[in-house]
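Let's start with one chain on its own, the form predicted alone, as structure tokens.
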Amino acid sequence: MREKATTLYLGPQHPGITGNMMVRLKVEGDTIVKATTEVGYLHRAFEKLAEKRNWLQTFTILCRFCVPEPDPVEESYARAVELLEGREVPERAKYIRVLVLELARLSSFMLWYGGQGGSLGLYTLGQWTVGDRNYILDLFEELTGGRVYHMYIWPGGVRRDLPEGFADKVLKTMDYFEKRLVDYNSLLFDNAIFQKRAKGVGIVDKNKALEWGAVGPVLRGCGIHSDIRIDDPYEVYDKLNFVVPTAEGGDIWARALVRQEEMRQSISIIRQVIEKMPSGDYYNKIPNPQKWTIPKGDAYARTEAIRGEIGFYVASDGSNKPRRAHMRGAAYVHAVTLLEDVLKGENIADVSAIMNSLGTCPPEIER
């Protein structure tokens, strides 16, 4: 005899929800038979708002597309504008951009570690990683003036050069994080609870991942080698040595293994950037922003963020503001298409763990 179906609402007040969204669950007992993602209305019409601002003012809203990781959005938009205008970027600025992008990746990984552990009751891990993340935010504050929103990467380069002694601080911070990774991994990956609740749970079919456009660790967790930094190099990634990790299984465990190794690779990239950092200009100055016009045309630039591909399509009609600005993010596919499919047949206790492993970012969906 089948149990009576019940509708449950998970979020947005639930601490296991990754942001301002809700998942409506139809369950029979503890088993999910249907899931529907419903995002909130916190960040709306940002792309349309970009059409009412000049090319530089747009940066004040770009970072709101995904609050935990604003820098890849800035970089992809800046590079799209540079492609449109044909503006060259100094070599030093490219290295600084990669430094910022990889620091942002580590900062986001701290939130993933904490969220993945917390979703399964390992709250100590979240306390460790959120606390340690502040060391990276300290670096951002010194470099950009802001801890979370930076508006630092913009057309022509970056807003300011590295402060004196900044490189040494970065290297010391990387030494600290490399040691802390041992503790993080011991608490999470060596934990029998995480192993039991991650292996074979939240499986993403490899064929569906490709068909639906999954990217980043979700795709690499299905055993597919895909990373824009390698497949379509930008900035100076083609001058750096790093490995793109993959894992088989397509479950929470596989995606966690991918992210675990990606953190090590980011630390290595940051050290290489500091070592190879050239001297010279950090900014190819743009004209007065109010009078700065971009030739007619369109361009698309994409960046590898922690959740996968973030890309910006920008079109110009020759005026001082975008005619159209549109972002391609990973969250819609991961938090709607994949999440709704993967949750079918899973236990309600695993919703938060699966959601966190897919890398959802609600503001990016509702933009």
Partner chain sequence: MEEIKSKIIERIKANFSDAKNKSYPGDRIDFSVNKETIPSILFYLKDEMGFKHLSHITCVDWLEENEFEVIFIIWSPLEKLKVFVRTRLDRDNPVMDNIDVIWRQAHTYEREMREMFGIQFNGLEAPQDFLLEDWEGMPPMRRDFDTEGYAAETFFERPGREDAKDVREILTERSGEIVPDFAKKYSR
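These numbers come from a predicted model, not from an experiment. Numbering follows the first chain given and starts at 1.
A second form of this protein, the form predicted in complex with the partner chain, is not displayed here; the remarks below concern that form.
Q: My question is simply whether K26 lines the interface with the partner chain in the predicted bound form - judged by any non-hydrogen atom within 4.5 Å.
A: Residue-level check for K26: no, no contact with the partner chain.
Q: With heavy atoms only and a cut-off of 4.5 Å, decide whether K172 touches the partner chain in the predicted bound form.
A: K172 lies outside the contact set for the partner chain.
Q: So in the predicted bound form, does any heavy atom of S316 sit within 4.5 Å of the partner chain?
A: Although the partner chain is absent here, S316 would touch it in the predicted bound form, with heavy atoms inside 4.5 Å.
Q: Given that the partner is absent here, does V333 sit within 4.5 Å of the partner chain in the predicted bound form, heavy atoms only?
A: Yes, contact at 4.5 Å.
Q: Would you point out which of 148-156, 242-250, 291-299, 112-120 contains residues with a non-hydrogen atom within 4.5 Å of the partner chain in the predicted bound form?
A: Stretch with heavy atoms near the partner: 291-299.
Q: So the partner chain isn't shown here. In the predicted bound form, which residue out of E211, D168, E88, E275 has a non-hydrogen atom within 4.5 Å of it?
A: The option sitting close enough to the partner is E211.
Q: Looking in the predicted bound form, is the partner chain within 4.5 angstroms of a heavy atom from every one of L103, E262 and R264?
A: Answer is no for this spot.
Q: So which bits of 326-348 sit within 4.5 Å of the partner chain in the predicted bound form, heavy atoms only?
A: H326, M327, R328, Y332, V333, V336, T337 sit within 4.5 Å of the partner.
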